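Here we start with a single chain on its own, the form predicted alone, put down as structure tokens.
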């Protein structure tokens, strides 16, 4: 395989990314838009861009992802795509009748300088947006940031456009969901229900990208938060954002527009991050944490205690999106494991700072890097110089795992060669138990595989 030509000698690279550890902004924007009921995402660029974004989401979720495109040709690429987008908005409402069109830009439209705000305003002024329908938009150029950035930009844009404040304050807490699987969002809603906390969670991709098989295709599945619900965001008494990189921007936008205060928490992966989220929700909603949740935590701690000897000292390489790898690394340290290589393709100075805060005491020599030059080629080089017992990341890590003969756990986006991530959560105490199970299975399967005959035991 080509990856076997990866060299151990690491050289600084400023203008070259090899096997990037990210995808592009429009994918994140498209995913966020699917969390709004009756929404049709629209890619303002070429057909090829839209096809790539749709296919990546479709492969990950194993669900049909609907989206429209401005279908740029040479003319639009040179003179701008305003005419294409105006015609597209008119056609989409006439033919497909969504409740909302969520427009995101691409490299092409950003390079030519299209102003989405101006074009959407003109579409409304020209009567191309029917009464009761909406068009929202976000700037998501692929040549900066990552799919994480695109998700954040779209959620913040929808919040800025739709959130309103009336004279009636609701006894309710907003939860801005960072990039999570439908299974994770279901678990967040279940935990809130256990606490008897009234919440409005958005975007909400449950019953959109994990729909049951009914024998017929629904263009707009029943799931997703409605635009009317989003218009009441300003009436909630507080907000919790889950994900510093993907959700906090929307919480900031809501606070500025409607004066709703917020706290920013990590996505609740593992013990400590789940503790912090539940305490924040308990305080915001003015409710007590029930015994049922405490029991869940106790079962997780018991499971870890029983099997701690298998985790102790194991070296791990982790790559993925910042909102996931931060709490995951925190959990790995709680398990007495050592994340020695941690990498994310998403840029941002906050990630480096957070990871050093988490790891410097327990793993002082850890390799930590994020941004454009933090790619899977570099991760492979790190592993060649300091081998690990386990690799955790999305499907693209399977090549490194195969080349270096490392147990591999799929985690994050995209996972396109396995199923389960859409249906079994990784958040909360129950999600942490699933992570523990996957870690143990990988470690113990390898122990069985490598054991000599005289050490191959029935009970480990």
Partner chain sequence: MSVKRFMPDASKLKEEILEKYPTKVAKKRGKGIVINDPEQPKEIQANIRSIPGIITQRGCCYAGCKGVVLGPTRDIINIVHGPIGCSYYAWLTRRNQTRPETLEDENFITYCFSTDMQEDHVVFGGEKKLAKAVDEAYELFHPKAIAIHSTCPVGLIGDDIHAVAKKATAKFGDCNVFAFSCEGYKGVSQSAGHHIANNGLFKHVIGRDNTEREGKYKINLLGEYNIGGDSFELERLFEECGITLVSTYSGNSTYNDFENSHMVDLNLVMCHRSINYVAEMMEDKYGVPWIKVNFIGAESTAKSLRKIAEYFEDADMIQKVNEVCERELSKVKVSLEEAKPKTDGRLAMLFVGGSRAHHYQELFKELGMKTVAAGYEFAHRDDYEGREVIPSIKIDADSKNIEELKVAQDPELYKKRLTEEDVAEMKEKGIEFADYKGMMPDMDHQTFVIDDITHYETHKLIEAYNPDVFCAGIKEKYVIQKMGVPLKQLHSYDYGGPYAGFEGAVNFYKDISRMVSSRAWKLVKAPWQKEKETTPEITATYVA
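Residue numbers count along the first chain shown, from 1. All of these numbers come straight from a predicted model, not from anything done at the bench.
One more form of this protein exists, namely the form predicted together with the partner chain; it is left out here, but the text below deals with it.
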Note to self: Is residue 422 part of the interface with the partner chain in the predicted bound form - any heavy atom within 4.5 Å?
What the structure shows: no
Note to self: So, residue 217 and the partner chain: in the predicted bound form, are they within 4.5 Å at any heavy atom pair?
What the structure shows: yes
Margin query: At 4.5 Å between heavy atoms, is residue 430 in contact with the partner chain in the predicted bound form?
Written below: no
Check: Is there any non-hydrogen atom of residue 107 lying within 4.5 Å of the partner chain in the predicted bound form?
Finding: yes
Next item on the list: Would you kindly say which of 71, 232, 367, 161 lies with a heavy atom within 4.5 Å of the partner chain in the predicted bound form?
Entry: 71
Notebook entry, point to check: Among 6, 54 and 112, does every residue place a heavy atom within 4.5 Å of the partner chain in the predicted bound form?
Noted result: yes
Notebook entry, point to check: Which one, 430-438, 31-39, 404-412, 54-62, holds residues whose non-hydrogen atoms are within 4.5 Å of the partner chain in the predicted bound form?
Noted result: 54-62
Note to self: Need the contact residues for 374-392: heavy atom within 4.5 Å of the partner chain in the predicted bound form, sequence order, or none if there are none.
What the structure shows: 376, 377
